[in-house]
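Next comes just one chain, in structure tokens: the form predicted alone.
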């Protein structure tokens, strides 16, 4: 979602003649898009601002802007701690990011109706909803992004059409909980059906899904609609019902497992990835073992595992953080190692087989592509002409999360 918002902002600023560059010393403005989901993300942002202070000493006229979730939560502290920051814009003010930045840069003509018209990109993201109403006990998102708001379905459809017209082949729909999307009479399933009708669109993905809202209708649509990729990110967070209840996830592990089995039974090549949190307040060794057994039982294609860290304003921040850091690290390592072992076994089983891939880019004479299930495939000894095309590749080598092959 942050990548999507950064790209959108970059597009808007480009409309007014700004150009994105890689060397901060050559920049006229530095924009730091921040996250508050984990404490480590905020620590990294503060560390970066410290380095940027040194740049401003060398180039006093450079503008420094901090945007996003951390800016929403800690805006006053950011300005107080870093006098070099010129502008702080919180996540709830996202619709005004571009206008306020342009004003900071003294652009004479400022319009609220900015057309996003980017050069062709093969894979694009589009936000379909903002905020969240779930209030999971560990999550700061509802506090920094506000209540759940679904965006106009016609506006979403029109943006998708423009993207495809400009060369996009794959679109990913984004929301904190896409399954609960609803704008007037349009729910998520009907929105997806409509977008799939766009001529020229080859693939559609979406995230994140919430187990309590994932419907049979959506699963059936994935089965019947060829444009929808056979990959779903379905955060489990824990395999312990006690912990899931404390997390306010509103489902049981049994319900989650039923969803997984339904997906696997109806879509034989479905790729399921997930999120796991270890060391949540009150998580016992038994609770952790339930999670470990769930990971081994379900055999996710990939997972993100996080060590719990208290986030201000959340319900969990009032709980006793009783799992020591070293124990969190141990549990984190166990889950990650198990996941990597499973992923290695899955990709190893793909060697020698042929898959359809979409070529997304070309770097260092290597074509970068992706399977329908979301696996990265690297192809040597080819050229840029394949970018944006779907073709077949035979896999001849694998690593933990990557595949290597040749064009058939």
Ligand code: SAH
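Quantities reported herein were computed from a predicted structural model and do not represent experimental measurements. Positions refer to the first chain, counted from 1.
Another form, the form predicted in complex with this ligand, is not on view; read the next lines as being about it.
Residue contact with this ligand in the model of the complex: residue 281 places no heavy atom within 4.5 Å of it. Residue 331 falls outside the set of residues with a heavy atom inside 4.5 Å of this ligand in the model of the complex.
In the model of the complex, no heavy atom of residue 90 sits within 4.5 Å of this ligand. In the model of the complex, none of the heavy atoms of residue 150 sits within 4.5 Å of a heavy atom of this ligand. Out of the listed residues 82, 157, 292, 308, 308 is the one that sits within 4.5 Å of this ligand in the model of the complex by at least one heavy atom. The contact residue chosen from 379, 65, 350, 37 relative to this ligand in the model of the complex is 37, the criterion being a non-hydrogen atom within 4.5 angstroms. Of the stretches 133 to 141, 223 to 231, 181 to 189, 95 to 103, only 133 to 141 has residues with a heavy atom within 4.5 Å of this ligand in the model of the complex. For the three marked residues, 176, 235 and 277, a heavy atom of each sits within 4.5 Å of this ligand in the model of the complex. In the model of the complex, 208 is the single residue of 198 to 224 with at least one heavy atom within 4.5 Å of this ligand.
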